[in-house]
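The chain below stands alone, shown as structure tokens; this is the form predicted alone.
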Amino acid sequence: MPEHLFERVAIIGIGLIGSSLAYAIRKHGAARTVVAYDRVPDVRSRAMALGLAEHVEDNAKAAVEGADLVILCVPVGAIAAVMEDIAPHLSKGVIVTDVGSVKHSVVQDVMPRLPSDAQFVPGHPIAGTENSGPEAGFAELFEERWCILTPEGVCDDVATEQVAALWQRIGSSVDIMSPEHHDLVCAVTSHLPHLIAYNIVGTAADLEEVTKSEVIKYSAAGFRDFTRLAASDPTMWRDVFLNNKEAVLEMLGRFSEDLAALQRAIRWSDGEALFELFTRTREIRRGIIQAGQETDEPDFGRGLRQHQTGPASKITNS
């Protein structure tokens, strides 16, 4: 394994994922130099104070010039504008990748703007917390997590392997699928749960305001876990739902049908149907724990190892 996978990595967007990538790449020696840029001056100043990259540039042009890897860590709705800005300044042979949780729309936004001598490897690390900003970043965020790449029809195998090697170096397992399949899978596993959480927490807030019923004060653990999801970055999730609307609406329709069936079971005191559903969903939870994707405490991921300092586990490609 070479000492460095890349000479100069430019990270565009210094939120939770961007700052965590900067820390992780430097921790594991995946690049000789890490350069960061964010359009917000205050974010750049905070990133400089944290020392999360060798250089924090005040414009995107300076950040990407000379980079052999550019990682777009901006909301998916901003990717088209970012590509317009950086495309004229990308080095020949550069690899561009991203971290967005929607892939089909990102491919459509990037490819028409990508120089012919560059490669685009769409990516999505399945990792995160409800926190945002450069202060939220930590190097261990990606350890023992999955990163999905969707290179189908947009890049060559060499570029895909190089990006996969980066994610593996910082502790992730890598899986490959089509952009369309990715968006459907994430609509089920991530987008719909967040949408439900936003709705449940919003409903509870309305009840608190109208009835003064102290819904929030006496919330049990289940509601508290939903508030973690509902505290996620509003700009990012607005863009996710707008850019993956077909898959989200499909899953939302299926969820509404299943919810109606559950409503009928309760209305008609169908205890057998309720018990069968609850037993089946309990097994899903156990399967997630057995797969190593969660601890056995039902904390919706609040126990992330934000203070770990040990080396990353060795993860093999799936």
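Heads up: residue numbers just count along the shown sequence, starting at 1. Not measured: the values here are computed from a predicted model.
The same protein also has a form predicted together with a small molecule, omitted here; what follows describes it.
Q: Only one of 40, 277, 62, 249 gets a heavy atom within 4.5 Å of the small molecule in the predicted bound form. Which one?
A: Contact with the small molecule in the predicted bound form is made by 40 alone.
Q: With the small molecule left out of view, choose which of 82, 166, 147, 96 has a non-hydrogen atom within 4.5 angstroms of it in the predicted bound form.
A: Flagged contact: 82.
Q: Within 4.5 Å of the small molecule in the predicted bound form, do we find a heavy atom from each of 5, 66 and 118?
A: Contact check failed for every one of 5, 66 and 118.
Q: Does the small molecule get within 4.5 angstroms of any non-hydrogen atom of residue 184 in the predicted bound form?
A: No, residue 184 is distant from the partner.
Q: Residue-level contact is defined here as any heavy atom of the residue lying within 4.5 Å of the small molecule in the predicted bound form; does residue 9 satisfy this criterion?
A: Residue 9 lies outside the contact set for the small molecule.
Q: Mark residue 73 yes when one of its heavy atoms lies within 4.5 Å of a heavy atom of the small molecule in the predicted bound form, and no otherwise.
A: Because a heavy atom of residue 73 falls inside 4.5 Å of the small molecule in the predicted bound form, the answer is yes.
Q: Verify the contact flag for residue 109: yes if a non-hydrogen atom of it lies within 4.5 Å of a non-hydrogen atom of the small molecule in the predicted bound form, no if not.
A: Answer no; every heavy atom of residue 109 is more than 4.5 Å from the small molecule in the predicted bound form.
Q: Would you point out which of 88-96, 195-203, 122-130, 171-179 contains residues with a non-hydrogen atom within 4.5 Å of the small molecule in the predicted bound form?
A: Looking at the partner contacts, the answer comes out as 122-130.
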